[in-house]
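Just the one chain here, laid out as structure tokens, in the form predicted alone.
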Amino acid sequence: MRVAENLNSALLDLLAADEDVFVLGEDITDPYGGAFKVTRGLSTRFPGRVLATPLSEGAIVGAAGGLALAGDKAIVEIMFGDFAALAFDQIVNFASKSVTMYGRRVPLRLIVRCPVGGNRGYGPTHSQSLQKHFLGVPNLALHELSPFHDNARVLAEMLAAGTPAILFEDKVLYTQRMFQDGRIDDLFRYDFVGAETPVARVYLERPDEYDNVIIAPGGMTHRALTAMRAAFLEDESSSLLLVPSRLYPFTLDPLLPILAGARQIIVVEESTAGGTWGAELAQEIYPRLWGRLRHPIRLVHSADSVIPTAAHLERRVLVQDDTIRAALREADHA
């Protein structure tokens, strides 16, 4: 099953199991089924609860927030995650605050789905990764789509928390296959670490034998794997990859023994530098492992630039597998 199909199936199951679930967004109804076809077939099955909306991200998220405040469960698709900026007020000043500003805790079950990321040639305003702009907002959880994490469980966790959440979905993942049964290919295996919000752990032969640890959200998975394969085959350097589902708040405790054993910790993301998820993660790790780290945590991110449309220029700006490969090579020689 491809990642987009897994997400579609998870949404369908939610709608079938709970009549209080609504899905809203631009062009999400059949026959179009959304810009990336994630909602294909849903409006045919649930015509009164899968609703196409006008082109106003603020209005969509505001209406969904109102549904959630009234006790329903609302899932919004932002056609391109870049346009979540137009709904920033509704997310930050209404939805997230409504949980705790009425004198008692009020569950507000709202999920905002944001297709993000480049490498598709969509240009400066349709290719960004805006995760860092939503970090640190009280009562707002951030998740990212992953080829390891079943979306039925991810969506259920987001709704059960009773607080608004954003699901960032790197567009390059939609057509990739979900990994299953602990096996990726002839070289890599994976398992999960932690119980509440498990983190996928990718390793070579043994999960306790590695030189470097890469922490990366789901959209970076395949680029990280390509870099890790090259490092192993060319330099005999073994790396371990950690892929979380929930980016914020981040549960660090189960990972501390793994991180403590690394020669170098590398955090990779597609956002540009400055106030990033990687920087937030680093400041959580430093006080916990200060006496055991061998080197400073290395942050890998995209160039300080708008994202070009031309493929060869876009590649120069965004993090690629060779960007991660270069960071691994530098780590091995540090």
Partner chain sequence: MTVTTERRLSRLAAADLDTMLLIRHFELGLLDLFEQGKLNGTTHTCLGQEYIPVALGPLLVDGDHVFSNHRGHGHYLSRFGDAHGLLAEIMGRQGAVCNGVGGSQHILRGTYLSTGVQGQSLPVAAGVALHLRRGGDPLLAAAYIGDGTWGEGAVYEALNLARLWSLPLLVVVEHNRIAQSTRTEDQMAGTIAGRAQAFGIRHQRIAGADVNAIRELLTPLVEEVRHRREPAVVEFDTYRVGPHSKGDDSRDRPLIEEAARHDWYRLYAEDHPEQFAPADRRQRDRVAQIIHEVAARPASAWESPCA
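Residue numbers count along the first chain shown, from 1. Here the structure is a predicted model, which is why all the values come from computation and not from measurement.
Form predicted in complex with the partner chain: not shown, discussed below.
At a distance threshold of 4.5 angstroms between non-hydrogen atoms, P54 is in contact with the partner chain in the predicted bound form. With a 4.5 Å cutoff on heavy atoms, Q90 counts as touching the partner chain in the predicted bound form. In the predicted bound form, the partner chain sits within 4.5 Å of a heavy atom belonging to L24. Residue contact check for E157: none of its heavy atoms lie within 4.5 Å of the partner chain in the predicted bound form. L67 is the sole member of V267, L67, I285, V38 with a non-hydrogen atom lying within 4.5 angstroms of the partner chain in the predicted bound form. Exactly one listed residue, out of Y190, Y248, F83, F94, brings a non-hydrogen atom to within 4.5 Å of the partner chain in the predicted bound form: F94.
Residue heavy atoms within 4.5 Å of the partner chain in the predicted bound form occur in exactly one stretch of 29-37, 57-65, 271-279, 301-309, and that stretch is 57-65. Annotated contacts: D20, R49 and G103 all touch the partner chain in the predicted bound form [non-hydrogen atom within 4.5 angstroms].
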